[in-house]
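Below you will find one chain, with nothing else, as structure tokens; this is the form predicted on its own, and questions on how it binds or moves follow later.
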Amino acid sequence: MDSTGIQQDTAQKVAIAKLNAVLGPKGMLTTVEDCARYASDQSGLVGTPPVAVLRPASTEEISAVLAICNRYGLGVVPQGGRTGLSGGASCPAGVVVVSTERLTGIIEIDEEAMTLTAWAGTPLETVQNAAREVGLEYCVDIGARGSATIGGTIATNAGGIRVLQRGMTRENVLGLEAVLADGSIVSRLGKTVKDNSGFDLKHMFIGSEGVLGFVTQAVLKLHRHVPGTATALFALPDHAAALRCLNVARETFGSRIVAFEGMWPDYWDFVCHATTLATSPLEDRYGFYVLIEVDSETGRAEEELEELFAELFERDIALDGVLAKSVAEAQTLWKLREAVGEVDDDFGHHINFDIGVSPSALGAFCDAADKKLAALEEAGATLKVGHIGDGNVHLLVAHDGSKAAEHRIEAEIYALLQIYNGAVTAEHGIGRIKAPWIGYSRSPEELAMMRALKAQLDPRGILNPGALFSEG
């Protein structure tokens, strides 16, 4: 029996009946087969089929749905494209899913204000394409752009390959509408860049992984679209040279650097030589590899990259390099970096750490992690690849598949990360998988504030139970 005095199974049945009355047959799925498809996301965390899948088609329907769920204490897992890698959209037992798959579409593009307003269920790629049709661009970009939704990227404060140039999702959201646990609607869909009228409440929801409210609409910041880019691969002696390379590149290109991606030798050798995931365009092997992409606003970006390489070579920063002369060649170079999304079958059981540290400390952290893992019996091979300019490394560590090995490796890496004042997740969110480790990046006082905010906005704890905070 819960705090309302209603037997839980009876309360659930009453809630489901009321939800069905609000949503109708198109807005609600209850069969075992249908619900099973919504149990898990792409994190690998196996979820439990939800009691029902709710598919509201408006803010008002979401408001009514959450009010019912809150009244009867029915847990709610928000879901968009289910592309998350931290288990934030995987279901614990006894919850309903509220999906944004019917809450989709572009609401407005304001070319003068350079904004785009979209429903939360709109795929990221749809937003990007709509902006480009009017000569503008939404700059947040991730590999799952075709499936990931705007609401999902806001909930996790998604990063991706263009953070160096345009920032995380947080920097690209001007206005937001969200529904609280009790059904209250908080709507601030303004396009004003300068607004210091008290607290900027949208930031409570960006990166909060659906535990404070359900995002329904967003006003996104657009930029002028610069067609075309130039791409090059540089081979360097080590990570320290990569930071020197970035500093020289900034002197040349400034904010025109779209991406600056790094690949350690363990990753390079695995994707290019131990497997057929990618093909090396270089004859020799080196201590570090950097992929740089710049926009072509000046009309001579390729020439500028050639000049940059000449300077880097002259200063013993770069040892070798390849400049893409066509879109196809650029795609081939990017395949080297993006192959990390295809290593699972060949690499076997592993942990994919999404770690953030200061860019200046990233090399030292990775060296320390390699040393620690080499002495750890439970750890196998490692792969390291990431966003060098913003200090985000994806560290993949192989193990025997046991929970004991997984826990031991995580404990060692996160303890090391704590020394470097780093983040246990840089761009994928905490979800349920990393909830036990959030204390390695947040102080007890910070966690207490987070929990107090959660208790204030969602006192019955119905919103995404088990995500972000560990149970108990």
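From 1 onward, residues are counted along the sequence shown. Just so it is clear, the structure is predicted and the values come from calculations on it, not from any experiment.
The protein also exists as the form predicted in complex with a small molecule; that form is not presented, and the subsequent description refers to it.
A.B. asks: Want to guess which of 302-310, 206-214, 131-139, 180-188 is within 4.5 Å of the small molecule in the predicted complex, heavy atoms only?
C.D. replies: Of the stretches listed, the one contacting the partner is 206-214.
A.B. asks: Using the partner position in the predicted complex, report whether K434 sits within 4.5 Å of the small molecule, counting heavy atoms only.
C.D. replies: Flag for K434 set to no.
A.B. asks: I'd like to know if G348 sits close to the small molecule in the predicted complex, meaning any non-hydrogen atom pair within 4.5 angstroms.
C.D. replies: Close contact is absent here: in the predicted complex, G348 is far from the small molecule, nothing within 4.5 Å, heavy atoms only.
A.B. asks: With the partner left out of view, is G401 within 4.5 angstroms of the small molecule in the predicted complex by any non-hydrogen atom?
C.D. replies: Result no; G401 lies far from the small molecule in the predicted complex.
A.B. asks: With the partner left out here, check for me: in the predicted complex, does some heavy atom of K221 sit within 4.5 Å of the small molecule?
C.D. replies: Outside the cut-off, so no.
A.B. asks: Does each of G81, G151 and G160 have at least one heavy atom within 4.5 Å of the small molecule in the predicted complex?
C.D. replies: Yes: G81, G151 and G160 each sit within 4.5 Å of the small molecule in the predicted complex.
A.B. asks: Of I109, A144, I317, V343, which one comes within 4.5 Å of the small molecule in the predicted complex, counting heavy atoms only?
C.D. replies: Comparing distances to the small molecule in the predicted complex, the residue within 4.5 Å is A144.
A.B. asks: Find the only residue in V97, L116, A120, V290 having a heavy atom within 4.5 Å of the small molecule in the predicted complex.
C.D. replies: Looking at V97, L116, A120, V290 one by one, just A120 meets the 4.5 Å heavy-atom criterion.
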